[in-house]
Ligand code: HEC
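The chain below stands alone and is given in structure tokens; this is the form predicted on its own.
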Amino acid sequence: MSKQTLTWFLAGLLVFGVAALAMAATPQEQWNGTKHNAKNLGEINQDSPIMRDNCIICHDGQGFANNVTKRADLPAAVKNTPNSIDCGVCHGAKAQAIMASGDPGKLANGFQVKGAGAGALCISCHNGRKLPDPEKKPAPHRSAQFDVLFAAVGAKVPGVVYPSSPHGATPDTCVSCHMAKLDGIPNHTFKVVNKPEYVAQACGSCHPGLTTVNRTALADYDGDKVVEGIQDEVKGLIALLEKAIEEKEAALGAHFHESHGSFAWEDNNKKEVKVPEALYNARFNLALVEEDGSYGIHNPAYVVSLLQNSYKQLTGKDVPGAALR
């Protein structure tokens, strides 16, 4: 290689390096792929939560920022459009006040949490809204992270003491783990990335040396004779409880469905079937854990106990071969 060619080659590497540096991720680019971006919500119509009165306080960015529940009360320029939960929303006056106070205010299900730090902003919308009620049979809303993190909500067996893990005491709660640095900036995908370098930042201060979100469980909780990662143990429990639920429904001749935020069971003639409280409770807890989405990470002790006790209440026996919480 001639000296001139080598010079051009090195110059090219330098230009490529600068270009690569310039292409490093930005908060906007990370956010673009999230469901806070309305473009990623799929087909939107007038019945979509982002367009629906009462739902827009969380689902529509301008509904949240303007603290309104009816589209008619939104500023004219944004009244008839779906509005993303974007930079201006989370960095706006309402959101900043919530983060500074650490208090999301009284939640729809009646709970209050104080001292949640910046994560109070997340909690203000990421909560399940409903309490279990075997008579009215509500379903938990599909954002039940608060409920699980703080062991606040679940259909519990009377007299049973449910344990809880300390993750709710993490400074800034949600933000501490979900917004650790990713590609050199605070993570605006809001997902805990299951890679050693990210896990070390998000979890390492409490779990030194941890390299995976799916931390090895303390015991075999699903009774398969293998101690797996806590997420795998929880998935095993979900599968066991789901099977037990389906067997109970089949025995009752009851077909399950969810409609307008409530659970219902019908027979072959579409007539309502009254089901045992234990069956409703199992369905509620199954949905709660699945909608939380962390497969136990937010509160391992509580989730394991909730699922195991639901199984026992429904079937009359403990999870076979499992270590019980």
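Heads up: residue numbers just count along the shown sequence, starting at 1. Quick caveat, the model's predicted, so the values are computed rather than measured.
Omitted here: the form predicted in complex with the ligand. The next part is about that form.
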item	value
Val275: touches the ligand in the predicted bound form, heavy atom cutoff 4.5 angstroms	no
The ligand contact in the predicted bound form: Phe256, any heavy atom under 4.5 Å	no
Partner proximity in the predicted bound form: Lys39 to the ligand, non-hydrogen atom cutoff 4.5 Å	no
is_contact(Pro166, the ligand) in the predicted bound form, heavy atom dist at most 4.5 Å	yes
Single option in Val160, Ala250, Ala77, Cys87 placed near the ligand in the predicted bound form, where near means a heavy atom within 4.5 Å	Cys87
Contact assignment for the ligand in the predicted bound form, among Lys156, Arg71, His178, Lys137, heavy atom within 4.5 Å	His178
Residues in 197 to 231 close to the ligand in the predicted bound form, defined by a heavy atom within 4.5 Å, in order	Ala202, Cys203, Ser205, Cys206, His207, Leu210, Val213, Arg215, Ala217, Leu218, Tyr221, Ile230, Gln231
